[in-house]
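The data below hold one chain only, encoded as structure tokens and taken in the form predicted on its own.
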């Protein structure tokens, strides 16, 4: 059994994961939080103590300064803290350096998003094959558990896909992952997580898996409207996203697409920024000779996503709409979660988007600590047991529901052999 957790990254998602890990520190052991800005780590620790989140109040809860791009420094911190589980919630550029440190030390690795090369946008699919999956042999050789993409999307939606393929259908024809944030933060314009990563998702090609092959579209070119639980009628747009790149390879489903909701105001501002070149990742030279990356400048002037939490209201709805055949008859189900921004802030001091990403990462750490997900190899979430994962999230804040004709909004839960601490 592994214990002692190092959380790398002290943004909104890091805050959620830290609160949830602290609430189960009898199972997880010492909790360490690391960031380039150690003050953010101390702020999270203060929040945990103020809300009384530590299950064992005498447990270790410490902050550390770390440049996670530095593999040697990350390895040294893992060794110094005795961390056997590392939750990487830093920006997507640090994935490979943190993963390498875990491979070298034997610590289990968890992340919530695919690795990105700062000099490239929208690489050739499947994206995992460009970086993460190249380390599969080394993880297997060294017996290192590496759980890829265990936020909500990617992450929970991967578990939903595996659940449906294995238990609700004989044949799945399509998986449409729909991500709707029906909340409002009251700012003129902001992104719900790191603006640089957020914009990079949408400035390249939109890759989807259709007819058993990759198809390319432009952003905002294809849209749909759905009547969803709680949030009602919502329009979303075909978007490229991490989970398509593992689900397309691991599940025998010919059509897998990702749809994200955007308001007209967001689309208008995004298009203006893109059309005048402010979303470019390529440096430009100013009149004074200074080199500036436009995308990083935009990030610097936008609100910190973590600062949105106090005034955020409304709900999210994220889930998988699956169509296929069961017992010779057509079947359609929607497996989903609804999260509330106000409730998330009251519990852990973060907004709902961060909550939906941070809770699954903490759940993965708990399952590794128990041995359930300590597979000693690299895996995407759809390759792991989904039943204990869904049950655990039901208990710690992200309940799973299913809706289909004649069966409205039923809670998905499974019989358990043992309960988590």
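Positions refer to the first chain, counted from 1. None of the values given here were measured: they were computed from a predicted structure.
Another form, the form predicted together with another copy of the chain, is not on view; read the next lines as being about it.
**Q** Using 4.5 Å between non-hydrogen atoms, is residue 288 touching another copy of the chain in the predicted bound form?
**A** Answer yes; at least one heavy atom of residue 288 falls within 4.5 Å of another copy of the chain in the predicted bound form.
**Q** Is residue 277 close enough to another copy of the chain in the predicted bound form to count, meaning some heavy atom within 4.5 Å?
**A** Yes, residue 277 is a contact residue.
**Q** Is residue 184 close to another copy of the chain in the predicted bound form, meaning a heavy atom pair under 4.5 Å apart or at it?
**A** Residue 184: no contact with another copy of the chain in the predicted bound form.
**Q** Using a 4.5 Å heavy atom cut-off, state whether residue 220 contacts another copy of the chain in the predicted bound form.
**A** No, residue 220 sits far enough from another copy of the chain in the predicted bound form that none of its heavy atoms falls within 4.5 Å.
**Q** Please tell me which of 216, 268, 166, 307 lies within 4.5 Å of another copy of the chain in the predicted bound form, judged by heavy atoms.
**A** That would be 268.
**Q** Just to confirm, with a 4.5 Å cut-off on non-hydrogen atoms, which of 346, 325, 292, 72 contacts another copy of the chain in the predicted bound form?
**A** Of the listed residues, the single hit is 292.
**Q** Can you check 107-115, 78-86, 294-302, 203-211 and let me know which stretch has heavy atoms within 4.5 Å of another copy of the chain in the predicted bound form?
**A** In the other structure, the partner sits against 294-302.
**Q** Judged by heavy atoms and a 4.5 Å cut-off, are 136, 237 and 384 together in contact with another copy of the chain in the predicted bound form?
**A** No residue of the spot touches another copy of the chain in the predicted bound form.
**Q** Does any residue in 366-403 get within 4.5 Å of another copy of the chain in the predicted bound form, counting heavy atoms only, and if so which ones?
**A** Contacts from 366-403: none.
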